[in-house]
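Two forms of the same protein chain are encoded below as structure tokens; each is given separately, as structure 1 and structure 2.
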Structure 1
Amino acid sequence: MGKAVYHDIYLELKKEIEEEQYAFKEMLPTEHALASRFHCSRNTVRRAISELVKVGYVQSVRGKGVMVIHQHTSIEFMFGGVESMKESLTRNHKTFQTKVVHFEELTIDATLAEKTMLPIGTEVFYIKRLRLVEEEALIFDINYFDRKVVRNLTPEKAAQSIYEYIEDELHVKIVTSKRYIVVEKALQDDKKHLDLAGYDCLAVVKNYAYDADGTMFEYTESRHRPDRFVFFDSAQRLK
């Protein structure tokens, strides 16, 4: 692998943990062994381990080493990062498909402005997308994208990754995402499109996204069947 920087090592170890090369509660190799493997200093290894700690994949255990605490029982969404649905499901090694069930252009009125926090008069793409995870309809996304920022969006692009389109084709930098999780009763659209498996409530993530200019360009409600998902953050207590 040659001389690896700490971020390369972090990504490699993270991938191996996600692929279950290390089991839950298994100890990682020692710093010395990892430094030898990656042809780097032990300090570089420590920095990589620190990144794994931040995302909740490992924990340092005094006198023993570094233990894997990442589990694979549910689909995990990192609540603290800006991550697209495609990136999240790919990281969880889940096969998925996106179906666009509604696509139109509309103008934000007073009622929608209160709901979305987008200014009255903003022209938006209003989209409903169904996410099939391993052939189960588990997530129903309702999107409002500012047409001045997310230009020339089409149903075909919406069926792929809108964030990839925004960043790779439009070269718009997505900087900040504010998220709130609430529990709501299933609505008629949810019952129509989702495999609810008897559930009558959903975990709903409300997302407000901003670009590098501070413009809020997206409001999304991502409506999840509650039994298949875990939303997590990771923090260390400072003493």
Structure 2
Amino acid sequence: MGKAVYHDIYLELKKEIEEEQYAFKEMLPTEHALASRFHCSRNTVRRAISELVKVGYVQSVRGKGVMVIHQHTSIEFMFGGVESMKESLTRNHKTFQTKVVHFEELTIDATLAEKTMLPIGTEVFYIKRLRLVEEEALIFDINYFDRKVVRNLTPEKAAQSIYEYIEDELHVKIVTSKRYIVVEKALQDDKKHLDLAGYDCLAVVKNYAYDADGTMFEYTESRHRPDRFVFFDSAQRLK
């Protein structure tokens, strides 16, 4: 069991939906029934359900109930969603590898400041990494980490999950990250590392990460092979 009751209930219901104990278009038990099943209050159940709504597993309608709208047939992995790439890949039993192709310390100048939104003069780790899925290079990652926040980073650590290093070893909490998805023309560097399959452009995810103090300490550009890029998102109409 984790710390939060509502999160455990969320995970349990999510698992049951994925295992098709509840079919597509089937109603979940009423909130009251779930509350008594999990021995908790209705509010706690409601919170779990609202998490399920956010990830597009169910939708709730007042007076009717909560309906399952998850289709197991659909997508296997969705980069950029709530879960990290590693999580979504292990969930789908894909082998996964990271190759560090560049590792350097540099200082943000005017040009880089505009690109990364990091202040001029910031000392950063400048890292380029290739993300391989099933031996195939799918993503070309370019990171800029503030060295004041992410200290003692090494190429070896960069080959592992940098986020785990940041959170577990440095105890820096990544709170918010803002993402922009755009399409860009392929550069020499992209063509060198990725097989672009006849395309002349890439899907680029620009990620700005903030810590608990509100300081932006990371800018990452994930440059995706266009034919393999999928971003999934579920939205509810707010009334």
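By rigid core we mean the largest C-alpha set that fits within 1.5 Å across both forms. Here, residue number means position along structure 1's sequence, counting from 1. As the structure is a prediction and not an experimental result, all values here were calculated from the model.
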Practice task
Of structures 1 and 2, select the one representing the form predicted together with the DNA.
Solution key: 2
Problem - R42 C-alpha moves between structures 1 and 2 by 2 Å or more, core aligned - result: yes
Handout entry: Residue shift check between structures 1 and 2, rigid core fit, L202 Cα at least 2 Å
Key = no
Practice task
Answer yes if the CA of R62 moves 2 Å or more between structures 1 and 2 after aligning the rigid core, and no otherwise.
Solution key: yes
